[in-house]
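As a starting point, one isolated chain is supplied in structure tokens, in the form predicted on its own.
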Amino acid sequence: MLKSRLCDLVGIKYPIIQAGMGPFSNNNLCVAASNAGVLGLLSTSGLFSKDNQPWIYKAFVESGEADPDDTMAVALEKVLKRTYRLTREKGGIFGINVMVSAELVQYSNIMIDTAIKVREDNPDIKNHFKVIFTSAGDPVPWRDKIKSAGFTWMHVVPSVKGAQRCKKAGVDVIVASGHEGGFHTSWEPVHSMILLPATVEAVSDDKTLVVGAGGFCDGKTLAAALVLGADGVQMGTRFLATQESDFHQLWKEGVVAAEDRGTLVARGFVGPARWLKTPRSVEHARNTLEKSPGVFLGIPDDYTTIDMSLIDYENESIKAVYEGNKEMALMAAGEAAQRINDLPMVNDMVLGIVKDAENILRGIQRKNLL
């Protein structure tokens, strides 16, 4: 059976992480992924949207058996307990993805403090809720809080420099995310074929694992990551396009319909973002070129310097997805979308990916290339 150090560290069957994708919830997807033997990650970004994007918040609480009137902490606590209840019988392992960018620190603290409290209040949940995955910010300020709580800590980075910062912070698993990935991408693009082996060479050792993200979607790409020295892969777009995915059917069908060169990069909520190519996203890219050219030049900007009509456009477009308005919708996806042509059940998909990777790796050995 295909295993790696990632499997041993967190207790999963297969070296795959289901990305904690937002902005909608992925509460049901996380359960399905965890029960399929991979690491399932809950998105928490929907909890930040109660006031400014209530349609996202509504979807989050409804799929997580929470109440619209709950506080952020109470809603997350209910989601965590639900996930535990639905995964414990099959031994599923899960975690939460928390954005820790500077503008979200007050919310990030609530998320992480709630996660710690839930584990302290229910000791058995520690056997299933094992991971805090942080993103979109500096990991160092979070070291003491996360490490002392006993979680396995994962953080995603787009560069070797970022990976070295994770190493300083004591992150257990560094996820090297290439520019192929969907939604949030880096200001300075480096793709997985370069980023992943460079990160492995720079930081991987007995205490630090490296996982690849960005472009990984099947047995071929999983096998490639392992050959490049990674301990596993994170898959986002592939898990988005599944039967159990909480994302709107319009979004899932958009991924399946994507063809060659089916994505583009334009402004997102926290910087560059990769979108499915549609007339709506092409218009957004044109507007980005005019109003936020740093997205294409590798020069970061923020809400104090850009024309906020770009963000308004994105908010309007995400709401359109929720409403099923195909013409007005913006839908994020990785470049892997062009290689995805079905909407399988999660368990069937995972088993197929693992079997293909095993066969490919055995085939490499049989070819006697050395």
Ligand SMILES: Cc1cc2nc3c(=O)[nH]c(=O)nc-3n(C[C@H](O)[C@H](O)[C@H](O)COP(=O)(O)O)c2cc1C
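What you see is a predicted model; the values in this text were computed from it and never measured. One rule holds for the numbers: they count along the sequence shown, beginning at 1.
This next part talks about the form predicted together with the ligand, which is not shown.
A single residue from the set 108, 278, 221, 135 has any heavy atom within 4.5 angstroms of the ligand in the predicted complex; that residue is 135. Note on contacts: among 92, 181, 95, 254, the single residue with a heavy atom within 4.5 Å of the ligand in the predicted complex is 181. Residues with any non-hydrogen atom within 4.5 angstroms of the ligand in the predicted complex fall in just one of 56 to 64, 300 to 308, 332 to 340, 319 to 327: 332 to 340. Interface membership of residue 242, defined by any non-hydrogen atom within 4.5 Å of the ligand in the predicted complex, is ruled out. Remark: residue 15 does not count among the residues lining the ligand in the predicted complex, judged by a heavy atom distance of 4.5 Å or less. In the predicted complex, the ligand sits within 4.5 Å of a heavy atom belonging to residue 21. Taking non-hydrogen atoms only, residue 177 approaches the ligand to within 4.5 angstroms in the predicted complex. With contact defined as any non-hydrogen atom lying within 4.5 angstroms of the ligand in the predicted complex, the contacting residues in 215 to 241 are 215, 216, 234, 235, 236, 237, 240, given in sequence order.
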